[in-house]
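First, one chain by itself: the form predicted on its own, in structure tokens.
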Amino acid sequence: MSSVLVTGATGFIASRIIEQLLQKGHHVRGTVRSLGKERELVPLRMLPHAEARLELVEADLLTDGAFDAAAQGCDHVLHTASPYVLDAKDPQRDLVDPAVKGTRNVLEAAARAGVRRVVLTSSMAAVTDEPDGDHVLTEADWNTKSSLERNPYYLSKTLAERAAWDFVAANKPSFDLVVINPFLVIGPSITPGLNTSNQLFVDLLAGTYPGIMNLTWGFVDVRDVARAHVLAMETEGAKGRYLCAGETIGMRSMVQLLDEHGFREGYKLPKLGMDCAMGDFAVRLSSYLQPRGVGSYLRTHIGRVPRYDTSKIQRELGLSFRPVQTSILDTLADLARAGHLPARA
């Protein structure tokens, strides 16, 4: 079994990766920003086999050399740590710098430690920031439109992945690089915090959306994303990028699913149909009154249906995806258990 470094260990995806690595017998070293926040670490320490094979250490993305000691003795590095918020007060400071500098710091540490493979958590945000229904996205596509003003989170993921590939090309390190590009990641969480993607369901039930908008998402279950990382690490022939996404679902179908499973009574699920030409126009117009990041997301996604080809990850890694309805209902059950859903009226 391998020794594996997982960065951002308390994260939504990273904690599931650690769970699966421990189940398969690997030794795991996870980095966290602070060992003093024990409440955040308890769920990791309680994972099966954690007492024997999980070590938690401190490391900061923006500190040069912070990952050197953590990477020593590891066969593989799975780099998941990166900030995820749609709206940031200072996108350069809060999103781009941690994503890009953190990635370089981790890769430099991996090169000095002589690891065999690095698996990087990128995003579909590095593939596109404005889905085009006439174009089927593949691993060959890159996001070329995002900026600090337009979808800055998407820019941070794009620049971080570009920096990783540039590092490998320029330095020719001991490791090979494999990248996972998941779409919107949902599912039950190991750690107590509310994941940004799962916030979508809380907002739907809390009445945050004025109506049923013409938005369509590509979802992927966090447990499938974690498995993709482990398979990318273990599969000798894995190479390049892998789009990681299950089915797409529109807001109307999602609201109907929630309604059918008892989430209408006592909650504020949207009723007004805005998934039409006039509704799209109203959303675009009102988007300028939203925070900058939210507004740019709405303008680039309203009325657009993403299409993508995930045959590479299915063929080369043998990954299959859970049905989106299963993931959504599992997510809601977990949100209710954790106390994140709004109180029923």
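Fair warning: this is a prediction, and the values are worked out from it, not measured in the lab. Residues carry their position along the shown sequence, with the first being 1.
Omitted here: the form predicted in complex with a small molecule. The next part is about that form.
Contact annotation: of the candidates 182, 152, 246, 187, the single residue with a non-hydrogen atom within 4.5 angstroms of the small molecule in the predicted bound form is 182. When you look in the predicted bound form, the only residue of 33, 304, 45, 284 with a non-hydrogen atom within 4.5 Å of the small molecule is 33. The stretch among 260-268, 207-215, 193-201, 162-170 whose residues place heavy atoms within 4.5 Å of the small molecule in the predicted bound form is 193-201. In the predicted bound form, at least one heavy atom of residue 84 sits within 4.5 Å of a heavy atom of the small molecule. In the predicted bound form, the small molecule sits within 4.5 Å of a heavy atom belonging to residue 123. The closest heavy atom approach of residue 61 to the small molecule in the predicted bound form falls within 4.5 Å.
Contact check for residue 327: no non-hydrogen atom falls within 4.5 Å of the small molecule in the predicted bound form.
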